[in-house]
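Below sits a lone chain in structure tokens, taken as the form predicted alone.
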Amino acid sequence: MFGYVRPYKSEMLVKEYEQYKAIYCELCRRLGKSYGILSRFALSYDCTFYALLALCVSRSQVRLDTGRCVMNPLKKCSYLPVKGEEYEKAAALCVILTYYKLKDDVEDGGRFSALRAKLLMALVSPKAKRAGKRYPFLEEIVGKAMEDQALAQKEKGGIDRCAHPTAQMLSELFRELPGCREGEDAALERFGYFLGRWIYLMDAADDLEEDLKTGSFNPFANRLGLSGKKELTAEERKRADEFCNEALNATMAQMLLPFRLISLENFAPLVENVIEKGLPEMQREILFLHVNLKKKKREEML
């Protein structure tokens, strides 16, 4: 995933912010314990949301612990450990997604990014194999999605075709979450599908100008007749932003319907903040304030 599924901190209560931070820090701690200290750099807001949603639907008993930050011993942190596998699965997902992201950079990135990714893959590959052995279904779901994504881009497919692999990946990941009430698996599946679609479209919109400069494939460029251009005029940029925003809003509308059918417990306000406030704010920043999150440190520690 890409780091877009994050909370809108300005709209969070202090208690909610501390809970989210404790989940984020607990996932960081589990990554280090299971896959080594360097694996903590794979930590993402998206996988934190996966852990958060798993905690909600499984209704696991949680307790608040305090201790020192594993990355900065001078800093105090709160943690929310559980006895279940929610964090272990989220940690494995972090590592597997990072591996496939590096693999994609090796195959499709520029010379410098491909070399950098190749060096990092040597470190990540053993961790990803370990995660895949622990949770083979995660490896299968992600691997299949990445293969289909590469094929869609090679075929220069349309927006729906290109968004489907990421959408299907989250659909399968969410459907598998344990502990949901009878009938909720279908709602989780549809919610995951449209969240995955939203993530892909947001990433494509964020990348549009960069892809035009490098000549990389982008489904929005094809749809808007911008392929072959190196720069956009102000009018073209406005038209592209409006089109991308409409596509994202339509996906958001379809996402909210199944989302409201899911019984959230433990941390319902956190999940609602991310989906109902965090995602729209991300759209606003990227499309209308032109904040390119890829040019700054996206996965900053909270």
Partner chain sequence: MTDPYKVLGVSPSATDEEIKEAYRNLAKKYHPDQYSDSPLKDLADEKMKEINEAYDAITSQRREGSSQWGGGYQGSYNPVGASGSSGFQDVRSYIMAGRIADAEQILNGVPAERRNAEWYFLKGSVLYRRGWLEEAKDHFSRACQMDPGNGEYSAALNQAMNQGSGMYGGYRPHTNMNAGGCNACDMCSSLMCADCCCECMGGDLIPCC
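Numbering follows the first chain given and starts at 1. Predicted, not measured: the structure shown is a model, and the values here were computed from it.
Heads up, the form predicted together with the partner chain isn't pictured, but that's what we're talking about next.
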(request) State the residue from 39, 273, 251, 60 whose non-hydrogen atoms include one within 4.5 Å of the partner chain in the predicted complex. (result) 251
(message) Which is the contacting stretch out of 62-70, 39-47, 24-32, 241-249, given heavy atoms within 4.5 Å of the partner chain in the predicted complex?
(response) 241-249
(message) I'd like to check something about residue 233: if you look in the predicted complex, is any of its heavy atoms closer than or equal to 4.5 Å to a heavy atom of the partner chain?
(response) no
(message) Please tell me whether any heavy atom belonging to residue 161 falls inside 4.5 Å of a heavy atom of the partner chain, as the geometry stands in the predicted complex.
(response) yes
(message) Is residue 18 near the partner chain? Define near as a heavy atom within 4.5 Å, in the predicted complex.
(response) no
(message) Taking the partner chain as it sits in the predicted complex, is residue 223 near enough to touch it, meaning that at least one heavy atom pair lies within 4.5 angstroms?
(response) yes
(request) For the three residues 143, 209 and 218, verify that every one has a non-hydrogen atom within 4.5 Å of the partner chain in the predicted complex; reply yes or no. (result) no
(request) Residue by residue through 272-286, tell me which have a non-hydrogen atom within 4.5 angstroms of the partner chain in the predicted complex. (result) 280, 281, 283, 284
